[in-house]
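Have a look below at one chain only, the form predicted on its own, in structure tokens format.
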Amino acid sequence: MVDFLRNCPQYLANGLANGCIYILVAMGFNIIYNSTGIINFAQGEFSMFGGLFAYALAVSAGLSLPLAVLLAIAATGLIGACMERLMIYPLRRASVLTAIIATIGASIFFKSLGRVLWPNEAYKVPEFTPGNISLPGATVPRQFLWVLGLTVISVLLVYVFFSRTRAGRAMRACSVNRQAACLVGIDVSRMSFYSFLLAAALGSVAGLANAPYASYSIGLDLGVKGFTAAVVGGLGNTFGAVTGGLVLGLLEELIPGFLTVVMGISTGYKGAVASILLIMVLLLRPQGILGKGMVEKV
């Protein structure tokens, strides 16, 4: 137990870094869900594109890293916008379940496309700031500061967008009642377009923050973790995504660390933490930590 407590600062630092990435992915899920009622299972692939586009532009094309990052975010946002126009918009009169199944197909297609374009198992993306920082009881890469900063800025911008802008309030209105929003003059299809554009851009930021490595296979893992974070915090709740991401990121480090150091059990169970947490939340509190239960009048 003493060794576990001694290692806790490192576990907390690693968990915070991973949790920030999960927050960015979870917010993408929430934005699309708030505007369309759809759970976009291709959200993880947006993160894949963000990292791999950054590699292609910064390493293969030789562009400066800041320019490569901006272009990678823009390109991924364009992919999200095209996905909405070419796949979700034609299904606007279909059931929500049909649209969700379509996003699963898009996820498979995007992953296959990534494997064709970037077939190697991993590509090294330049870090924003190389090197490590020594903290009391822990050592973290300097990239961690960028991850934390990008996450804080993204959360604040998303909150301001939904609470202070006309487009953000219109997107929230669509989440409450799409038909009523349409009757008061809100262009529902445009709000859907904006939601996919923003969610794809956020997903690409998560992929960039996941540097220095990117591959065609990271989309599934980040998608599952981001969806779990969104459900744990409360699906559709911006600050719920923050709560869920941090809870998942910390538990992923603390539980395996405890099992390994104290109980002597292999760390191979780390990948199961997200699945077990998701099942427990769905069974015990399906609305999530910050979500509100639905009240139905009879």
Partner chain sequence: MEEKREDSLQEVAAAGKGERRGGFLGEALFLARRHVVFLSLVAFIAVMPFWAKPLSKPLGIPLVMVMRLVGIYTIVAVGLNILMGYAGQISLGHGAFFGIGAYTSAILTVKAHFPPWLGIIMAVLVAIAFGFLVAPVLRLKGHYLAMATLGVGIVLFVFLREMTWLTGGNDGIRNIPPLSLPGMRIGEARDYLRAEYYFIWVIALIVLLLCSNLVRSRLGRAMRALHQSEVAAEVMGVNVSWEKIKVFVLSTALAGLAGGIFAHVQGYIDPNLFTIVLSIQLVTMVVVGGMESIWGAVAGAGLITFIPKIVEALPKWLGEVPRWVEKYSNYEGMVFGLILVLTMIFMPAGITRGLSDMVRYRRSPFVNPFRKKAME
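Residue numbers count along the first chain shown, from 1. No experiment lies behind these values; they were computed from the predicted model shown.
The form predicted together with the partner chain is left out here; the points below concern that form.
Of the candidates Leu86, Val160, Val184, Val176, Leu86 is the one whose heavy atoms come within 4.5 Å of the partner chain in the predicted complex; the others do not. The single contact residue among Ala61, Leu67, Ala272, Met263, judged by any heavy atom lying within 4.5 Å of the partner chain in the predicted complex, is Ala272. Checking 67-75, 101-109, 124-132, 150-158 against the partner chain in the predicted complex, the stretch whose residues place heavy atoms within 4.5 Å of it is 101-109. Phe227 belongs to the set of residues with a heavy atom inside 4.5 Å of the partner chain in the predicted complex. Taking non-hydrogen atoms only, Leu57 never approaches the partner chain to within 4.5 angstroms in the predicted complex. Though the partner is left out of this view, Val247 does not reach within 4.5 Å of the partner chain in the predicted complex, counting heavy atoms only. A residue is said to contact a partner when one of its heavy atoms sits within 4.5 Å of a partner heavy atom; Arg164 fails this definition for the partner chain in the predicted complex, lying far away. Contact annotation for 38-53: residues with any non-hydrogen atom within 4.5 angstroms of the partner chain in the predicted complex are Ile38, Ile39, Phe41, listed in sequence order.
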